[in-house]
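Single chain ahead, written as structure tokens, the form predicted alone.
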């Protein structure tokens, strides 16, 4: 009974937050409603027993992506009149995309009613032991069987991060660039000076 109530609560709040994300006039409010939708979706994942997916939703999407959206929206000088004009101009395209998605959902529900797709017979080799948690099983797969693929994905993300920094870096007039070799060659005695100022004399600059 409690599980069913929790499911309907999380599902209803997710749908409500998703609708308010689209309908909110203020972009900051839209991002906040999006964060609420992520939290409730994480609650649904917990009910399904997918604790790792719930943790990813909270840490990655709420803690990084949605907060980044919020900072970008708050830092940008958004012209709300132009934003509303763009919404009205792209409204027919949005309706067309919504109809396509609705048709896909209806076709998918109809396909489920006809029966699932037979993918093969499970041999039990990938079964998780009963005493092993979901997070531990995923960790053993990531850092065991798929270790090199996991490291390769990390290297790709690092290259993308470095590439974004290089592409967006601009040299500005009047700003002295940072010299990494000079900083590495700096000695501690050159960086700090111990002084004993006398009372009432102040510090000489």
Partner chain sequence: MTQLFQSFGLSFEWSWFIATIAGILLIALPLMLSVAMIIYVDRKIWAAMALRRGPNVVGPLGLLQSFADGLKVFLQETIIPSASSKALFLLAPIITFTVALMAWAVIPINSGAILADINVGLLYVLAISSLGVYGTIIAGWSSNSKYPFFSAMRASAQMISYEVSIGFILICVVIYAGTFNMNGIVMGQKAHILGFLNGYGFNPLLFPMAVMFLISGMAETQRAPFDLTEAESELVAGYQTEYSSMSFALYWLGEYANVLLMCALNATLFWGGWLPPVDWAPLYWIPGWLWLFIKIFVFFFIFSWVKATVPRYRYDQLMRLGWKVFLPVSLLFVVLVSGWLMFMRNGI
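Being a predicted model, the structure only gives us computed values, none of them experimental. In this text, rigid core is short for the largest set of C-alphas that superpose within 1.5 Å between two forms. Residue numbers count along the first chain shown, from 1.
Unshown form predicted together with the partner chain; subsequent notes refer to it.
The candidate spot formed by 19, 87 and 94 is out of contact with the partner chain in the predicted bound form: none of the three has a heavy atom within 4.5 Å. Contact with the partner chain, judged by heavy atoms within 4.5 Å in the predicted bound form, is confined among 28 to 36, 151 to 159, 138 to 146, 168 to 176 to 28 to 36. Though the partner is left out of this view, residue 59 does reach within 4.5 Å of the partner chain in the predicted bound form, counting heavy atoms only. When the partner chain is considered in the predicted bound form, residue 180 lines it closely, a heavy atom lying within 4.5 Å. Under a 4.5 angstroms non-hydrogen atom cutoff, the partner chain in the predicted bound form has residue 2 among its neighbouring residues.
With a 4.5 Å cutoff on heavy atoms, residue 67 counts as touching the partner chain in the predicted bound form. Contacts of stretch 47 to 75 with the partner chain in the predicted bound form, defined by any heavy atom lying within 4.5 Å, are made by 51, 52, 55, 58, 59, 62, 63, 66, 67, 70, 71, 74, 75, listed in sequence order. Once the rigid core is used as the reference frame, the Cα position of residue 25 differs between the shown form and the other one by less than 2 Å. Here residue 163 does not count as shifted, since its C-alpha moves by less than 2 Å between the shown form and the other one after the core is aligned. In this overlay on the rigid core, residue 12 has a C-alpha that sits less than 2 Å away from its partner position between the shown form and the other one.
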